[in-house]
Structure formats: structure tokens, C-alpha cells
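The form predicted alone is given below as one chain in C-alpha cells.
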Amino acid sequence: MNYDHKSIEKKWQEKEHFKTEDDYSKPKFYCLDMFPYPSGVGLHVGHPRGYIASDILSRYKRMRGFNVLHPMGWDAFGLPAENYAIKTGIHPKITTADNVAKFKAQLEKIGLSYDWSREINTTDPNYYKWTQWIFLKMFEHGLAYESVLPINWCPSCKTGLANEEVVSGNCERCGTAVTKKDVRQWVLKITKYADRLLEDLEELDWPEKIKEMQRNWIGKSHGADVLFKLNNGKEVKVFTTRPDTLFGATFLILSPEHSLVSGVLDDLTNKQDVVSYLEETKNKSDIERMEEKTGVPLSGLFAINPVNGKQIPVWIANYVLSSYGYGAIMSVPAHDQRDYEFATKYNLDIIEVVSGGELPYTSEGELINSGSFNGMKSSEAKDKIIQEFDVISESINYKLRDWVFSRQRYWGEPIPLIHCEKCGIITEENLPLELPEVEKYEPTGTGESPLASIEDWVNIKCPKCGGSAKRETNTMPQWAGSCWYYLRFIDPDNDNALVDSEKEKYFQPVDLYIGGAEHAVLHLLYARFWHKFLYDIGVVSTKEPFLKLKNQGTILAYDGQKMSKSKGNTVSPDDMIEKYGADSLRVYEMFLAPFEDAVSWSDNGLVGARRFLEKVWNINLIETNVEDKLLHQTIKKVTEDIEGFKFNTAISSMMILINEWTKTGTTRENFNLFLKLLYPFAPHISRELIEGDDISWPQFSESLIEEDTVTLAIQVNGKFRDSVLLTKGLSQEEVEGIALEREKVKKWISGDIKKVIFVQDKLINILI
């Protein structure tokens, strides 16, 4: 019979259903994908790579007796849906439902073993009721506060953006250059959790690069606060990590937004220059301000250097940001690259105070031109200078800023707060506070949400005093719903609590979380923050939500570029499944490269995966019952490779076995064992061919797994140049002859061979 993938896959997708059990006596395995934003474009072949990997692990763990929670849902609020609605005139509620249906159909065709009974959608009021509940708990605990802030403003999306949503000075969503705008905002005190967010990273099995990105974003710095007195009687506080360089501070720089600036304008001899400069920098993004460092002096204003009593000029400059430290810096141009460039540009004093022999010298060293501290090492001088002067104190600073949480848009969770002139800000009594149905949802551009114009929704009676009151009209950012969704999968139908405590204690934390590295700062940092708050108020039992994290590499287009609709280079999984089958797609996506690596798509590779499955389909079954050593070695190899996320080598070892059996045939018993190995990768063909209903994971025989081959390293002059798979026990002469014929080795061999170092079955080192 021909291998008819269409009928086989349809049959098993209708027959197999995956429901998480309530049996808490079993070991659990919580395997989670970063749930997708369901766009109208649908999936391309790059998207399923992570989903297939998580499915392999989930099926494998079920086969080993684990109670597996493997759910899926939709992160469906946010700007893309709203912008599409504005463009097409179709309500985002309608387009979101259509897109979800499209995505779900595509995922089902791939044969992913999700428990669809737990499906969630962040736009469902029954879901966002609990998003609102968490916000109110934060408000009650003082972690959510209202503020008028100069925020990142996207003039195209007409909404505020968190710092994390600005990429190279542009809006992450639409690419428009971001400006600054003073807008009333709701802000979450993520900074209160900065130390815990740093410390608990050490407990996580995450890629080190992701941990480092979070460390850098939090940006904890140890240093000192220094008070500079001004000649007008005011004081300016600065933070520095290098108090040892204070004697080299030759000018003070304030950010243009510093509160002191507006108060001294009338006392300046160059007031108009300063006013013009303030206007010039007002609408520039932080990135733009860093590109070309400019500034103007506050003429007539001086600061006193506290360590030597010298008067130093005060400037404002674009590269000093109000969002870092105290919005003011002491400039030490001899020992800081930015200060050096600025001082050179404006002909300001440069005084070397740490001996280094070059300017700017930015490392530590021995102090010079520093009075009684001359000759001290920087590390010693830091402490001594802090102890010597009352206006200097030890301090810790963070780059992390509080999270700007509100958006001036329609398509998001309503913030459940009420503004009453008499009672102040009070909370909504009944959740969910549902998003009102509207015909027009275009942003106002004034800094107010479109909800502000819906008078019968906004204007209400205060539930506390009965007087006139207004609902909050800003909505939450898209990130809100994804901050806690992994908890709702545990208990999706609970109307009385966010999650049942017994279920939470059993299933938490997530054992394996798979998704793109682009979420390293945004989603992962925010979710960890919310989780720690929920831990503090007793809702969850673990300090961290995601125990192990894996990032899949990008699948690029045929031409090596990123797939995108605008480039017209996307490849549809639907087309590939129609032609070659879902099992072929699954096998190919796992075989084409190590999981974390980026790789270009190739239809030829998919053809190869299909041929492999056709060989499996056509295996000749024989009666001879001979113990199959290669089979048991393959069972061991595939088991280890699945656990180690080495899916490509697991498939490679199965291909080697099938190629051997294509020549020799194999028994039904052995074939059944192999099909169980294949099942997590290609479930449809495996279930069709497995005899019986037992799909437990196969065990290898210890006596049959001793390898007949070894991988031997080849070195030239002590440097690794190649490796080769060889039969065990070969002599030095035999190995040397093979090594010298390897193409990767030949190019390093020039001249006579002086000596050969040989360690049997391990390495050969050819010395030239």
C-alpha cells in the first residue's frame, strides 16, 4: 500500500485526544509554549518549530508515565488587532475570533497534542476578570500608582510605550520614530522587585544570554550619592560608580528635564539659548539624544566640587536622561568616554586623577591630582572618600524604571478604577469590568483613550458616596494578559479564584517553557514580576514561574532573510502538509539543525524527511528473531537526545537504523519498539503502524548497548581540526592513514610530520 498521509493524519487527529488528568499521585510535567498573537496572516513554517519541540517532549513524558499539562491559548489584545480594525473597518473582536479560528486549525493540522479543553483567550471577560483582579491587588498594595510622566509616545499608534517597547528609537510595533509627551499614566512599581528579579535568576535553568539580558536591563550599580552645592543656594544630587574620580569632576550636567532647570531660567545670562535648547530636545527619543551629544551652559550658575572646593560650570545636555539616576551627572572627562567627547567638543577642563597613560582612561588605577588620596588604589580610595566627606554616601542605583502600564487605546483590558472628586480613586466592585461595545475606536491623539468619549460608560455614580464619578479610560498594555496566563491553564474554569491552591501547588512551576529569545526582557521580566507579587500575597507557591527555558532558532526564508508577508517570502505550513504530510513537516523541522540555531528553509530537506517515512512505511517484516544491537543503541541515543533537546541527532540515529533495516528487514517486535521511538516526532504514521495500544516508552537492554564505534578527535599541532566515527580498537597506523585523507585535515598539513601522539579510541594529534 502507498503511504497516504492525508487519510492517516485525519484519522489519528480525530481519534487521539489529550486531556490532562486529575491524578495528583503521578509525577507531573508542565510543558508550555509562549502562546501566540493570532494575526490574520496565519502561521508560516518558522512558527511551529517550538510547538513541535514542546509536543515531542509532552508525548515522550506521557509515554514515561507523567501527568502532562500541555495547553494552548491566545494573546489577543493589543495594537496589531486595533490597527487592523481601524484600517479595515472591521471590529477587532470579529477579526480576533477569525484569526484564532485560523491559527487553531493550522495547529491542529500539525498534530500537536494540546489539551484544548483548557484553551484561553486574553480578550475573554472571564479571563481578563482575573487580570483586572491582579491589578487591583497591586493597587491595594501600593504597587500601582498614577503619575503624569514624560513618556515614550508613538505618534502613529497614538499611545504611550514602555521603555522596553522602544527599539533603536522607534516603536516596536510600527517602526515610527518615538517622541516624548507628558501624559497621565498608571505605573507599576517593578523597581521594588529589582533585587529579587536579579537574585532569583540564579535558580533558573535558562540560557545564559537571556539571564544576562535581564541583568543588564535591571542594571544594578554600586556607587555613591554626591551632593553638589550651587552658588544660588540649591543642591544637586548625583550618583556615581566612581567616587575615586571626584577630584577630576570639572563640570556638572543636568538633564533638560531636571526640576531645577525651569527654576533658574530667569537668573541665567543666556536664558534664550537654554529655552531654545530645551525646545529642541523635548521631542527627541532617548536613542536620538544619544547619537550626537550636544548641550548648553547654564551661564551664571556654578556648582562646588565637594572634595576640593572648586567652582565648576553647570550645563544641560541631551545625553543625560531624567530616567537614569537623579537626572544629573558629575562629568569626569579624563575617565569617561562620553564626558571626554563632550569636554573636547566644548573646550571644557580635563583633569587626570587616575594614572593610566591615556585619555580617557576608564579603568581603575592609582590616584593622582587628588590631594591626600594621591597614591591610593582606586578600590581603597572609593571607600576612603565616602568616609571622609559628609555629602557623599554609599548608594545603589538601577537602570530599571517603573513600568508604564496604561495605554491610550481601545483594544485592551479596562483598568477597573473610578475617579471621584470627593472619595478619590476607588476600585470597581464588580469584575469583570467589560470593554464597552463601540463603533469608533480610533485613538484620539490627545493623550486620552477612545473610551473617554463614551459618556454613558465613563460617567457613573460613585459606589462609595453616590456622587458624580468617572471610570478610568486608559486600558492595559498587551503584556498584562501574558503576565499570568500559565496559571490560568492550571484551572481555566474557576469562577471563584484565579487558580485553585491545590492544583497550583501540584502543577507549578512550568517545567519547560519554549519560545523566542525576543521576549527575553519584555514578557519574561514582566511575568516574573507579577509572579513574585502573587507569591507575596499567597496566590502561588513558587518564587519563579518558569523553571527551564528554551529558545528556538529562527527558520529563515529560502533566501536566508527573515520570513515576512511584506517581503513575500513566507512558506505556508498548510501547503507543506498538503503535499508532504504533517509528520514529514515535524520530522524535517526537528532534523534541519540544532534547535537553537537559525537555518534557512529548504523544500529538498522536506522531501528527504518524507522519503525517510516512506522507508518506515515499507519496512520488510521477517520472522527471524535476532537480538538487534543497533536498535537498542538507538533507543538509548534517542532517549538521551530528547532529554538533551538534540532532536536532529535523535532523528539521524533513527534514519541510520531504518537504512539498515531497509537492507535486512526486522521483526514485528523490534519494529514496534522503533515506532514508539518515532511516535513523539511523527505520531500519525507511528500510531497507524504500531501493533496494539501500548505506546509506553521502550527500554533498552544494557547488554546490547555497548558501542562498536567511537568518535575520534583529530588534532594538528594540538588544535582540533576534525572528528571521525571509527570502529573501536583501530591501530595508530590505521587511524593515521584515515586522518591524513580527511579534507578538513589536509589543508593544515604542510611540511614534514615530526611526531604523532595517539590515544586509542580517543584522539590523534599530528605534529608538523
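Just so we're clear, the structure is a prediction, and the values are computed from it rather than from any experiment. We call the rigid core the largest set of C-alpha positions that still match within 1.5 Å between the two forms. Quick note: we count residues from 1 along the sequence shown, nothing fancier.
There is another form of this protein, the form predicted in complex with the RNA, and it is not shown here; the text below is about that form.
**Q** Does residue 500 reach the RNA in the predicted complex, with heavy atoms at most 4.5 Å apart?
**A** Taking the distances in the predicted complex, the answer for residue 500 is no, it never comes within 4.5 Å of the RNA.
**Q** Even though the partner isn't displayed, in the predicted complex is residue 753 close enough to the RNA, meaning a heavy atom within 4.5 Å?
**A** Result no; residue 753 lies far from the RNA in the predicted complex.
**Q** Taking 4.5 angstroms as the cut-off for heavy atoms, does residue 307 touch the RNA in the predicted complex?
**A** Answer no; every heavy atom of residue 307 is more than 4.5 Å from the RNA in the predicted complex.
**Q** Hey, in the predicted complex, does residue 375 get a heavy atom within 4.5 angstroms of the RNA?
**A** Outside the cut-off, so no.
**Q** Between 611, 461, 234, 505, only one gets a heavy atom within 4.5 angstroms of the RNA in the predicted complex; which residue is that?
**A** Comparing distances to the RNA in the predicted complex, the residue within 4.5 Å is 611.
**Q** Pick from 102, 211, 687, 338: which has a non-hydrogen atom within 4.5 Å of the RNA in the predicted complex?
**A** Result of the distance check: 338.
**Q** Since the chain is shown here on its own, which stretch among 193-201, 671-679, 267-275, 599-607 would lie within 4.5 Å of the RNA in the predicted complex, judged by heavy atoms?
**A** Only one stretch passes the 4.5 Å heavy-atom test: 599-607.
**Q** Each of 93, 364 and 379 near the RNA in the predicted complex, meaning some heavy atom within 4.5 Å?
**A** No, none of the three is in contact.
**Q** Considering only 470-501, what residues come within 4.5 Å of the RNA in the predicted complex, judged by heavy atoms?
**A** Result: empty, none.
**Q** Superposed on the rigid core, does the Cα of residue 716 end up 2 angstroms or more away between this form and the one not shown?
**A** The answer is yes; the displacement is at least 2 Å.
**Q** Taking the rigid core as the reference frame, tell me whether residue 15 has a CA displacement of 2 angstroms or more between this form and the one not shown.
**A** No, the C-alpha moves less than 2 Å.
**Q** Fitting the rigid core first, would the Cα of residue 277 be found 2 Å or more away between this form and the one not shown?
**A** Residue 277: C-alpha displaced by 2 Å or more between this form and the one not shown.
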